[in-house]
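Just the one chain here, the form predicted on its own, laid out as structure tokens.
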């Protein structure tokens, strides 16, 4: 067996990238380069801020001689629908037909740097910036047309990509004719205004997804569908636990499998075979011995360990005086809410194809962060930045889990070691093992109300689950929020990686807050909708609650009322959201059936109402999983969940009747739509279960066993 080592000493880093030759990359046509993110720090690190093109150009478009407009963006399409909504905005700003817009996404050789597709930022941040840039491009084209047609610019109009004289429409020139055989970089000293919403042709119209036909017919290509001549499949030796260290290995059994090549770089050991099944056969024939250093914790003891840990505490929010809050409260409520680790579980596992041609490696990867993967390969394998290209085809779901890109680095390393194109497709077991889970956490709340049902006290304590969504929302005079996190010198809390999971941490915080609100409303004998409205001053939240109540046909009632109706509200990604659900609880089995959900959303300008509706419905459906069944089981560093037989995600039979309301806010900036509705589902169902049965749920998911245990306490 040949051991091959990679020299990591020549890491060039990611700063100081040389300007690309745009002419070489794009050929003919007019190339407009612009900087939509100037002055904006999109949550990037200092290293990421240095990872830009000359003049920090962050988006650009090209108009070809046939009038086709191509927008190049580092964003990727993973089911959220920006492949449709971004062209809608660009078509309106340029005044071109929508079918003339072409998207090139997530290609590090062609697209400008982007920190990644996450946080519901594509539409609310990149979208307006792209609109402004397209408006500038239109103004530049109009100036060019003015010179060519010898007509003053203020006498010209643009329609369907054609610039014409208002007084003499036969005097005209198309964008394509202006672009013929020319290349241009140009800025305007005075930036034009973007199109007024009253003049939109495509934006705000409900359009079907551009990629829908490809995806439902199976024509869409994902990373795992790609093939290259001479390509081999890889399987990699994985440890049995996150606390395991490889001590010895015997690969002779794997070498006996026909066509198998064993590749080793230190403890990184893989088998390669042109036949995928033979690669899987070979990997299990490797005999490996490990030593173990396991944390003494499992999914049952974790929560007490978090609360009792030597933690670092920080007050993230405070107003008023807690002692005064206690004095002003007639009733005090203390609760503890628990949320486990949850997997991303995308249908497409982490996948990558890598090819090493001469001195350049190209990786096609299922990742939310193509430039992050590019930097990772540079860092890990010591290649110059310009010798690494990452291309992201369609991604089959990410939810934050594909911000990580380990599989892409693995494929690149194996392609370099073997000098062959290498496909790495994680098994479902690998997907669970290496997932950066939604972090488990504990929320402890002390709150108080006066005799009029007004909240006077809110003492909110977050243990290890993050502060996103921890805002009080309600009008409370005496508030403190404290976050407890890993103390640098203390024993490690999380035995494996954690990370963003669709609306990171907000699911946990909304579950705790909205459950506590319902607890107080029930104790006060006040309808839960009325209780919320009584304690709210936030007009957006009030309007969302009233809109969803109207859609649902809500009738006020004290809880528990035996109806099985729950309410929850909150905000995420600058979007306000409220929902009402109806459930049925089988008291003999503990089974919770969600019958219907109504949801309202204030998301500012809604670019594509059809796309936004799909996102809301998707959030609600996905949320049923984390609320009812999804939970990682583990012992130390051993992940017990290996497939969907022990980790149950929502099924078609679970999907309730869903009704959505998107508030009309065309005159407002767009906000995020990919995550908000999911934050409500835990609290929504917990409150509905309480209304149906009187049982209060304090730990997600609400499994049948937990529901039955809660019913015993009623």
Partner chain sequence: MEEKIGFYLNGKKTEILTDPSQTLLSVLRNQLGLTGTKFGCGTGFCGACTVLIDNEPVRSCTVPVSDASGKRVITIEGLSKNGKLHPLQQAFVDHDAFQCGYCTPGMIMTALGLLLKNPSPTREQIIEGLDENLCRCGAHVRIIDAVLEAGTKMRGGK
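Quick caveat: nothing in here was measured; it's all calculated off a predicted structure. Numbering follows the first chain given and starts at 1.
Note that the form predicted together with its partner chain isn't included here; everything after this is about it.
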item	value
Heavy atom of residue 357 within 4.5 Å of its partner chain in the predicted bound form	no
Interface membership of residue 153, its partner chain in the predicted bound form, 4.5 Å heavy atom rule	no
Heavy atom of residue 215 within 4.5 Å of its partner chain in the predicted bound form	yes
Proximity of residue 501 to its partner chain in the predicted bound form, heavy atoms at 4.5 Å	yes
Contact stretch among 304-312, 367-375, 338-346, 457-465 - heavy atom within 4.5 Å of its partner chain in the predicted bound form	338-346
Selected contact from 395, 353, 581, 282, since only one has a non-hydrogen atom within 4.5 angstroms of its partner chain in the predicted bound form	395
Single option in 537, 245, 227, 451 placed near its partner chain in the predicted bound form, where near means a heavy atom within 4.5 Å	227
Within 4.5 Å of its partner chain in the predicted bound form, all of 250, 380 and 433 (non-hydrogen atom)	no
Heavy atom within 4.5 Å of its partner chain in the predicted bound form - qualifying residues of 631-652	643, 644, 645, 647, 649, 650, 651, 652
